[in-house]
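Before any questions on binding or motion, here is one chain by itself as structure tokens, the form predicted alone.
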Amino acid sequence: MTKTYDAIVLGVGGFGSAALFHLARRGVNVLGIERFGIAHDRGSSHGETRIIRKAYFEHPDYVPLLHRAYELWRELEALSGKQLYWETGLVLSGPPRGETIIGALEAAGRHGVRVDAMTLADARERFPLFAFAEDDAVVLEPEAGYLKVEDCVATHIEQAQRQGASLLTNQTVRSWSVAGSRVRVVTDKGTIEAPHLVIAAGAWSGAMLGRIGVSLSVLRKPLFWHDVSTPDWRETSAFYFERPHGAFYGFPSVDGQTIKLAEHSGGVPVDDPLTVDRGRHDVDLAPVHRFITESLRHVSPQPRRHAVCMYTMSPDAHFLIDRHPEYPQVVFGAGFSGHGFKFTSVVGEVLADLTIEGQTSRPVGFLGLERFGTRNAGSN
């Protein structure tokens, strides 16, 4: 017998878990389907921490969404009684005319985000664990920090279930199709139907979405945890450095023994997310090793451990949030291009808006399909 719901969410990682929560809290009889377990390590929403910031150098149009994301993270913390966000500040460093510094200052100025431009002498005195280059510009965003990524996913799901959401884990979606006003989803264990479908499948989005007129690619991204030799790493800020050989980010020490580091730039293409190489290789570590040697103090250049996640890239490295170009009852969030997790709270709200109302008041028009010349099924 085919089970029916008001809406189905495919994938309950970062974005799907938030969509599940926002749909459930509005009284929608919603089902989430997950190929793996809750807050798993097979996709893009794992690895302990993610930076959250508002002076968004990627594009200033993201900032209004970030204001709302911060509000929703605080609401989720209040609802659950769990701390998910740590305000540590964020140090941005790089060439004075580089995209990081220029973009952050532009976004901050346009939207009234507090950032503190620092002299090199002041930066070196305040942040002695960072070895700034002589030609670096340094900006501090004091209200930035990090989110505990697995806790965020698990909490969205927990609160969704408290609001009545249903969940199927360890089930693989074989296909979905639209017949009239209903969407049929076939998994390896059964068939489910609903009037609405939300696709938030991460690295599997390209295969799940089918023909949307935009190609998505997947990159392999190693994460590293390195030993530190001073407790001062507990008290410093998160950081993002633009360097001639790449862009790198990291966090204060959560456990007092290690810090997490990764290269944001680069990445090896992934043919099949199921078989992504999860090993550690010298070629992965070499850029991070150089970054540690040149830019950090009291950090071991050899990692204690590592993990591998994936970036799902859109052609312009900006998000894709829209309705399917053929089926207006299907909405999706995809192509978050390695800078999306901080937005999951607000993107979940947007996906719920699009599902229930067919539109949203949040300013996501610049993230739609139309920028690639593809009109969604609801366009006039």
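Residues carry their position along the shown sequence, with the first being 1. Only a predicted model underlies this, so the values are computations on that prediction, with no experimental measurement involved.
Below, we refer to the form predicted together with a small molecule, which is not included among the displayed structures.
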- line: Partner contact check in the predicted complex: of 367 to 375, 7 to 15, 21 to 29, 352 to 360, the stretch with a heavy atom within 4.5 Å of the small molecule is 7 to 15
message: Please identify the residue among V270, V183, L140, L223 with any heavy atom within 4.5 Å of the small molecule in the predicted complex.
response: L223
field: Candidate from M208, I102, V254, L120 lying within 4.5 Å of the small molecule in the predicted complex - any heavy atom
entry: M208
message: How about R50 - does it come within 4.5 Å of the small molecule in the predicted complex, if we only consider non-hydrogen atoms?
response: yes
message: Against the small molecule in the predicted complex, would F132 count as a contact residue? Criterion: heavy atoms within 4.5 Å.
response: no
message: Residue-level question: is Y249 within 4.5 Å of the small molecule in the predicted complex, judged on heavy atoms?
response: yes
- prompt: Does E34 reach the small molecule in the predicted complex, with heavy atoms at most 4.5 Å apart?
  reply: yes
